[in-house]
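Encoded as structure tokens, the following chain is the form predicted alone, with no partner shown.
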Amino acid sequence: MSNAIEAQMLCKDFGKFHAVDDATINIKSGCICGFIGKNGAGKTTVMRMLTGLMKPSRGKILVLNEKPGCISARIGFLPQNMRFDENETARSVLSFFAAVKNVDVSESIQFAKTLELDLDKKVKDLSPGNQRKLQLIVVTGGNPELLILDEPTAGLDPTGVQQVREIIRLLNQRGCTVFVSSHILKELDDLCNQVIIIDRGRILYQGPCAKCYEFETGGLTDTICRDLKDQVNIHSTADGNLLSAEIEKQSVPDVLQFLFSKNIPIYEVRRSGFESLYNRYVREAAQ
């Protein structure tokens, strides 16, 4: 499968401040890739460079096999803050942006109906969730191959968050690659099949979301963890009696068999999801 985004050794400096530092990113076509990090970690800066709105200080970028800025019709970008004339109707907003993009507005109107958006309401009369719907419809006009969404659920209530999440899934099912940033761990864990962790401008992790399991045991030692890595080839960490292992589901029996062979009691096994993975990488980066 080809990559929708390839960025090699990407850097962005603001004076002496390194906002993005040697970031290498590869996002496969057809996936939903989450982008997670603290506020100020560099997420928005990376996204602006990928869309061509900001030039990198160093590094190479290919988006859909072309340099950023050459392919605006094939990508849709939703920034954190996108404003429309509040006195315009949703229908007139869609018509305006369709004309700017030189695309048929009828598809956007049909998409709005699918999402049950009242096209005759003025922007100021739309709820925050419906305003976000309108923004997503605007950026998907012309059926782009790639969507880059910068915290699309920021400021929404739980219902709005669920609606936006379902829209992203729907767009992905239509064949669109989605690169979405958020600072909400659970949101990305539920939505994405790939995730990238960034901290202080550096990429800490890139890979599947759900590959972390926790084993509550009756006692662990550093030697046990080293042996687990050497014998089973699994990366794990121990915190008291809790063993965290980066594994897929099918590897859980291998860990259990190893622990049994060492006569270590096991009281519970649970999938910890992305939160444990994120916390471990950020904690190790701070050391």
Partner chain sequence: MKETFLLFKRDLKRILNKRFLFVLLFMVLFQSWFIRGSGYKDKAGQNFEFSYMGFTFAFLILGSLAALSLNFDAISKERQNKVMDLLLTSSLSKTQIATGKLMASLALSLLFSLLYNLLVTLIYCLFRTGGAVIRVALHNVLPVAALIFIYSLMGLFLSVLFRSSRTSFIVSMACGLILMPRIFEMFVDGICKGLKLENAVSNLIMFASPAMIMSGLTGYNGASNLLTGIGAFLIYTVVLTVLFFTVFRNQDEKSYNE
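From a predicted model like this one, the values you see are computed outputs, not experimental measurements. Positions refer to the first chain, counted from 1.
The discussion below concerns the form predicted together with the partner chain, not included here.
The candidate spot formed by S182, C212 and L242 lies out of contact with the partner chain in the model of the complex, as no residue has a heavy atom within 4.5 Å of it. With the partner left out here, the partner chain still marks one of 53 to 61, 228 to 236, 27 to 35, 254 to 262 in the model of the complex; by a 4.5 Å heavy atom cut-off that stretch is 53 to 61. The partner chain is not drawn, but in the model of the complex it has no heavy atom within 4.5 Å of Y205. Within this chain, I75 lines the site of the partner chain in the model of the complex, having a heavy atom no more than 4.5 Å away. Interface residue remark: R200 is not counted as part of the site for the partner chain in the model of the complex, having no heavy atom within 4.5 Å. Residue contact with the partner chain in the model of the complex: P79 places a heavy atom within 4.5 Å of it. Taking the partner chain as positioned in the model of the complex, the residues of 79 to 110 that bring a heavy atom within 4.5 Å of it are, in sequence order, P79, Q80, N81, M82, R83, F84, D85, F96, F97, A99, V100, K101, N102.
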